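In structure tokens, one chain follows: the form predicted on its own.
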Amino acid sequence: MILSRTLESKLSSLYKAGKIVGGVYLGTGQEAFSASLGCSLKQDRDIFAPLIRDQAGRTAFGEPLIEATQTYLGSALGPMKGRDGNIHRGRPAERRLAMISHLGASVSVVAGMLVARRIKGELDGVVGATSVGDGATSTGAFHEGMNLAAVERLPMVVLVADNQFAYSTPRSRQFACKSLVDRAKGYGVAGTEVDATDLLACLETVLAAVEAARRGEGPQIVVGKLLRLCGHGEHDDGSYVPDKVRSSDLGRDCLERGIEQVVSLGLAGAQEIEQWREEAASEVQAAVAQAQTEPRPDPYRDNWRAYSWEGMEP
């Protein structure tokens, strides 16, 4: 969580300085929920499809810091070779999927990958997971993906970050149900709700959902109640969020609250946490410096074909 917050703070500064082309979308306030999923998955077998505010989950699931900075800064040596923007990065062969801007679509993709593994006889002990926002639950892709996962009893976990706004559209204009966890009943899958500003509660709830899916209990929906502590993107000041909501329990900073929990349990002291912050700042600076010195894609020399026919008969 500290590493994610430190990285995204740096990315925000680079964006405002004109060093990053395209959008920058931060996960400020959602790190506990996201990191809990990344920590609960097994990197050697599980599938993870992150969304735009899942830097903490990406990091917890093993994404190297340099891959994030390479993508944001357009390095030709990055996972997307400087050809795709910022958050659309991944390593599908390593079960880290690239984020899809059509929010909700990742549910269908993960479901499809799980079905493929079942057909190949490789599904045993595997969990597929993705994270969406409250707005994504209103899309057709989300509905179709969840319906398929439910009918096929797939070992899938879907985190719904109920951060109160789909961009600037409040919950009251998105859906009429009292809680998004009620939607789980309609699909016939398990659903739980958690205070996503509470790190310990997130770890316990998300891990329980992942293990339930791994045991063969079918899809699991976990709804995290929180508030994004920033605008939709760095181009948006979030002025549409009422002060009453900002000052409510939903507006608590999960990182600071998590640090308090860690200290109160005696797992780390203030000096150690400060050391973590310093180490994170050093790692982020090194990753940014490396990405800034790497080559950019060359449209006149690069092979931009999706498939290479070299050596094949026409």
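For every residue, the number given is its place in the sequence shown, counted from 1. Because the structure is predicted, anything quoted here is derived from the model rather than measured.
The next section is about a form of this same protein that is not shown, the form predicted together with a small molecule.
Interface residue among A49, A60, A68, I52, judged by heavy atoms within 4.5 Å of the small molecule in the predicted complex: I52.
This chain appears without its partner; in the predicted complex, the one residue of S75, N163, S108, T197 with a heavy atom within 4.5 Å of the small molecule is N163.
The candidate site formed by G133, A136 and Y167 is fully in contact with the small molecule in the predicted complex, as each residue has a non-hydrogen atom within 4.5 angstroms of it. When contacts are judged by a 4.5 Å heavy atom cut-off, L123 does not count as touching the small molecule in the predicted complex. Contact check for L103: a heavy atom falls within 4.5 Å of the small molecule in the predicted complex. R89 falls outside the set of residues with a heavy atom inside 4.5 Å of the small molecule in the predicted complex.
Contact between H232 and the small molecule in the predicted complex is found at the 4.5 Å heavy atom cutoff. Only one segment in the set 205-213, 148-156, 94-102, 186-194 has residues whose heavy atoms sit within 4.5 Å of the small molecule in the predicted complex; it is 94-102.
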